[in-house]
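This document starts with one chain, in the form predicted on its own, laid out as structure tokens.
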Amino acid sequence: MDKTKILFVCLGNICRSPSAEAVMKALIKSENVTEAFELDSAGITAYHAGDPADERMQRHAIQRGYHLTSISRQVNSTSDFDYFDYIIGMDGQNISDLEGMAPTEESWQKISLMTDYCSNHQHDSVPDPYYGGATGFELVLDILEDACRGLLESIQNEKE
């Protein structure tokens, strides 16, 4: 069985996308479907390439049992669009940037917005918590927990 490959994307790959990767990783582990998925995260920019996730984001995630272990990297438009089945942006600007990077119509179809998978939160994006306080980091995790559940359900429904 081929793995479903998901790439989560935000601006710098130090807050939202590594958190989405960690939340999804925990969810698929709890559902005993880890072997069916391959997850990664990346940033639109390379500004934080090689860095671990933001320490504040890590602290908030750890309080919920998530471990942000990924190291920041930039989206690779030549290989990522070919390799991943789903490329999920955290906000509208990420989506616009990804659409501009997509090398083919087929790869453009892989792009979606994280909050499109939410069922309990009515946000049009996962807001960037970088310049805010603790409530921003908590909101990101709340939205991602909801969206990751919806994403998993959507993928499972497509496979049936």
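Quick caveat: nothing in here was measured; it's all calculated off a predicted structure. Counting begins at 1, following the sequence as shown.
Below: the form predicted in complex with a small molecule, not depicted.
- The small molecule in the predicted bound form is approached by H48, whose closest heavy atom lies within 4.5 angstroms of it.
- At least one heavy atom of D128 is located within 4.5 Å of the small molecule in the predicted bound form.
- Put simply, C10 is close to the small molecule in the predicted bound form: some heavy atom of it is within 4.5 Å.
- When contacts are judged by a 4.5 Å heavy atom cut-off, I14 counts as touching the small molecule in the predicted bound form.
- The stretch among 130 to 138, 111 to 119, 28 to 36, 98 to 106 whose residues place heavy atoms within 4.5 Å of the small molecule in the predicted bound form is 130 to 138.
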